[in-house]
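Before any questions on how it binds or moves, here is one chain, the form predicted on its own, in structure tokens.
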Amino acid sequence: MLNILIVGNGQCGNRILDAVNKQAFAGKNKFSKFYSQQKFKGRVETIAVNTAKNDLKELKYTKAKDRIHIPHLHGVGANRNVGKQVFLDNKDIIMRYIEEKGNFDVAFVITSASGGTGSSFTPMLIKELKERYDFPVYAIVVLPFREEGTLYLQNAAFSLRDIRESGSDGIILSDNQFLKQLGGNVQSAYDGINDMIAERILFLMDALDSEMMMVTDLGDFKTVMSGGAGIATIGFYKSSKDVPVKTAIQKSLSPAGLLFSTDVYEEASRAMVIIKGDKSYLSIDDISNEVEKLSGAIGHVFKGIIIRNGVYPQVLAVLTLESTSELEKLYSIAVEAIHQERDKKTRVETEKEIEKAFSQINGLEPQY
């Protein structure tokens, strides 16, 4: 049985963590957390960390004892420099809380790259975890809409770099740009992506801790995540009765199945493909043929099959990337955003137009 730690940092990380807990409670009502236990495959400890108390209060499925409020007004206002200092001032509280949770085999830290608390806390938390413990630590990072604003874009660029340099064993990317495919209003779109990420996390944990016909385990996952450029994403597809397993595998690797835009056959470096379902729906020949197509294009692919009676085929694909054109585009936009912010600050400092306006009443007093 694996011992797994999941930390949600900041508002985005908290909400994805809450979606994980919701699904682990099998979708019961919000009072489930008071009278039942999550149905994780192994031992899983979840922790939500935030500087914004109201964000923590919004969580419906994460137990109160699993929430850490770091006091700093009502958040750090998307300022990563402030967030870094707040983490340093409070890291002993956070690390003591984690230590009291026990021993772990692997940890996942979930965050948005673009906000304040999550994007600043996550690199520093991972660095602390890696210095104190010997288990692998993976970051699950959500990228912003490209039109979300200059501060969020520049935060995303620097946060990703800092996470990569923190000693993280790998970064799994999700992209809010994908939300545009979901439709509906903004809130339902966010809820949708949170549920999608949570579903994949739970599937992955199940896969790493299951007896399989064809085995994949934490060691294989570590090997996959160590490939490529340290960047990965996850594909997923849940089929119905009339969808053959080979189609399910293909759809999990298609753009609609991925959390981050990439051409799997061109940019992936290593992969792990896990198929779950009733034995009657799983053709070993079809599975092997599809996996061979992928391995022929990218190299090594680990393959696992989990038997679940009465379940239509479900496929999870973890893919590390050796290159990513989409990330290069994001950084180009982020560079423009940084220049915009710098130019605005320079104009304010040099023109001082508001001071010119104020100077007109120098030496005068109001007359009543």
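Residues carry their position along the shown sequence, with the first being 1. Keep in mind the model is a prediction, meaning the values are calculated, not measured.
Beyond what is shown, the protein has a form predicted in complex with a small molecule; the following relates to that form.
Heavy atom distance at most 4.5 Å to the small molecule in the predicted complex, all of Val106, Asp169 and Val318: No: none of Val106, Asp169 and Val318 comes within 4.5 Å of the small molecule in the predicted complex.
Segment assignment from 263 to 271, 237 to 245, 112 to 120, 280 to 288: heavy atom within 4.5 Å of the small molecule in the predicted complex: Heavy atoms within 4.5 Å of the small molecule in the predicted complex occur in 112 to 120.
Interface residue in the predicted complex among Val224, Ala78, Ala157, Leu129, criterion: non-hydrogen atom within 4.5 angstroms of the small molecule: Filtering the options by heavy-atom distance leaves Ala78.
Contact residue in the predicted complex, from Leu258, Ile193, Val137, Met124 (heavy atom within 4.5 Å of the small molecule): It is Ile193 that has a heavy atom within 4.5 Å of the partner.
Asn90, heavy atom within 4.5 angstroms of the small molecule in the predicted complex: No, no contact at 4.5 Å.
Close approach of Glu148 to the small molecule in the predicted complex, 4.5 Å, heavy atom: Close contact exists here: in the predicted complex, Glu148 approaches the small molecule to within 4.5 Å, heavy atoms only.
Val20 within 4.5 Å of the small molecule in the predicted complex, heavy atoms: It does not: once the small molecule is placed as it appears in the predicted complex, Val20 has no heavy atom within 4.5 Å of it.
The small molecule contact in the predicted complex: Thr216, any heavy atom under 4.5 Å: Heavy-atom contact with the small molecule at 4.5 Å: absent for Thr216.
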